[in-house]
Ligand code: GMT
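Below you will find one chain, with nothing else, as structure tokens; this is the form predicted alone, and questions on how it binds or moves follow later.
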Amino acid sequence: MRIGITCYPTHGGSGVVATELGKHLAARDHEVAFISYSTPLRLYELPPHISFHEVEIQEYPLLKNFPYTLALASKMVDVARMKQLQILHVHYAIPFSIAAILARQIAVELNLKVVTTLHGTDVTLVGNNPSFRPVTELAIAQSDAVTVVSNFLKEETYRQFQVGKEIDMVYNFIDPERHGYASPPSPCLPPRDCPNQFTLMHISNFRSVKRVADVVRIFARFVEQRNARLVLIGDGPDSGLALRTAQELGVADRVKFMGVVDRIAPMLQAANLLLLPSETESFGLVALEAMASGVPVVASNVGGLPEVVEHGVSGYLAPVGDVEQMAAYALKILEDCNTCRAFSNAARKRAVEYFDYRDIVPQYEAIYERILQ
């Protein structure tokens, strides 16, 4: 099959999933064309069957902000005709679905099909913004197939919008080999077997929904009992808040800011525990990637996270904002070597058994084949 993929190229779960899906599809001999305003974060190189096409934004004096949706739709048309695409698979409803639907109408001779994958905030935040609701409902209604990344998000989509079609639930996925114990650790962080110090880690885009100040508060309570460091990976509007909170709590010298990192798996080899106290998570891809690396997770009991983290087995879930409980759970997991090892093994086992790409990528292929018939 010949598939065009559009996603946000920045660090975030939707872009990661879209990029990894494209690479796995290409490895299965499908032709994949990425269409975006910059190269997706995890598209380090262009392996066989993959091409990248950049959307150029023009300056025009009568427009304060050039309409990216129109530029994207035009580029989709060009690439679709050039590559004879059959499917445009977009990851996020706004603005990508609308652009794809417009491209389908323009390149009518190709009989393009549009697949929209909803990842979370395009439902939860847009659902709270009435000005975008009609556009999102149109995107869902006009897509040839709609997928979501968790059962939680499927139910939320039906609740927020007038949806008259069946939505396919397809979980996010990992590559067990990439996150295996044999993968080399990052040279900038010592591995997790350091006997004298635990490594707690948080990975996100540092938006307010991630509650990074809570990450620091949990860590501050943890180091009252155990020697540890906190490694923060990513960047965003609340990175300054994380630093100020660490300074106020007297733990800034134990907190390491790594910035945006392309390759997460080597960094996770250093972690003993992942903290994810988010306000909401429609799935929680970073939790899954941590578990695949044998890293237990302490997270909020919200959204799709209970579908990923098995409470009391591969990690613990607590109410949003309950810093004391999350710190207690972190101490419980790392209280001794045997407990830590049991949680680590259980996390790895769950990730591999339920979220292996070899089981999930074929689900997307089946959806493509269905709409092409």
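When you see a residue number, it is the position in the sequence shown, counting from 1. The shown structure was predicted, so the numbers you read here are calculated from the model rather than taken from an experiment.
FYI, the form predicted together with this ligand isn't displayed, but the following is about it.
- Though this ligand is absent from this view, in the predicted bound form it lies within 4.5 Å of a heavy atom of just one residue from M201, V216, L285, V295, which is L285.
- Residue in contact with this ligand in the predicted bound form (any heavy atom within 4.5 Å), chosen from R244, R207, R133, R263: R207.
- Interface membership of F222, defined by any non-hydrogen atom within 4.5 Å of this ligand in the predicted bound form, is ruled out.
- Mapping the unseen interface onto this chain, T116 falls outside it, with no heavy atom inside 4.5 Å of this ligand in the predicted bound form.
- In the predicted bound form, this ligand sits within 4.5 Å of a heavy atom belonging to V17.
- Among residues of the shown chain, S239 is not one whose heavy atoms approach this ligand to within 4.5 Å in the predicted bound form.
- Partner proximity in the predicted bound form, defined as non-hydrogen atoms within 4.5 angstroms of this ligand, places exactly one of 108-116, 273-281, 159-167, 255-263 at the interface: 273-281.
- Residues of 76-113 placing a heavy atom within 4.5 Å of this ligand in the predicted bound form: Y92 alone.
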